[in-house]
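Here we start with a single chain on its own, the form predicted on its own, put down as structure tokens.
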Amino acid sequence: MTVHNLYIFDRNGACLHYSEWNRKKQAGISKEEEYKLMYGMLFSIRSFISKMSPVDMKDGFLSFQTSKYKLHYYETPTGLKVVMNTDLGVGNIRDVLHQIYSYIYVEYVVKNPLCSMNETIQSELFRNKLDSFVRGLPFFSARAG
């Protein structure tokens, strides 16, 4: 099992952070275009699910999968969106995404007076803590293929 990449978007769709670990194929477009495409897809899926679901979805959209990867989604009450792509063997990781938000983003971005909110995260400490956290996950494998 493995983690491919992670996006953090603000409530307006700006990509505040992007990391990748075991991504084998690039999108073939600029990173800015990729971020817009990802956010647009998330916006559309959330809208579709909220309108078409035959049951009340108290948690909303949590994940979807293709034949090659699984996208996991977590949205905070303030509209921050954390998106992680993994391989298909990874189960529900809502708690992991919540931990990334509460223990890494809040601690090293929100509480950091040197970090400007709603701007790309420049903190090296944040990047290092996030990288260490993801590499320490039980489903992270550097040898995944």
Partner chain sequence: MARQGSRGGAESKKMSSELFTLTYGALVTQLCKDYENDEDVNKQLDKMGYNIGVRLVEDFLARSNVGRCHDFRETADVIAKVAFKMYLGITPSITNWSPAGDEFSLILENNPLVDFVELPDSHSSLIYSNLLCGVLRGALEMVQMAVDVKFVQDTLKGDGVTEIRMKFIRRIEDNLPVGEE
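Worth saying up front: this structure is predicted, and the values here are computed from it rather than measured. Positions refer to the first chain, counted from 1.
Below, we refer to the form predicted in complex with the partner chain, which is not included among the displayed structures.
Checklist entry - Do residue 98 and the partner chain come within 4.5 Å of each other in the model of the complex, heavy atoms counted? => result Residue 98: yes, in contact with the partner chain in the model of the complex.
Checklist entry - Taking heavy atoms only, is residue 113 within 4.5 angstroms of the partner chain in the model of the complex? => result Yes, residue 113 lies within 4.5 Å of the partner chain in the model of the complex.
Item to check | Contact of residue 89 with the partner chain in the model of the complex (heavy atom, 4.5 Å) | outcome: Contact check for residue 89: no, nothing within 4.5 Å of the partner chain in the model of the complex.
Item to check | 4.5 Å heavy atom contact, residue 108 to the partner chain in the model of the complex | outcome: Because a heavy atom of residue 108 falls inside 4.5 Å of the partner chain in the model of the complex, the answer is yes.
Item to check | 135, 11, 127, 23 - the one with a heavy atom within 4.5 Å of the partner chain in the model of the complex | outcome: If I apply the 4.5 Å criterion carefully, the residue I get is 11.
Checklist entry - Tell me, which of 120, 102, 50, 65 has a heavy atom within 4.5 angstroms of the partner chain in the model of the complex? => result The residue in contact is 102.
Checklist entry - Is the partner chain close enough to 36, 39 and 77 in the model of the complex that each of the three has a heavy atom within 4.5 Å of it? => result All of them do, each having a heavy atom within 4.5 Å of the partner.
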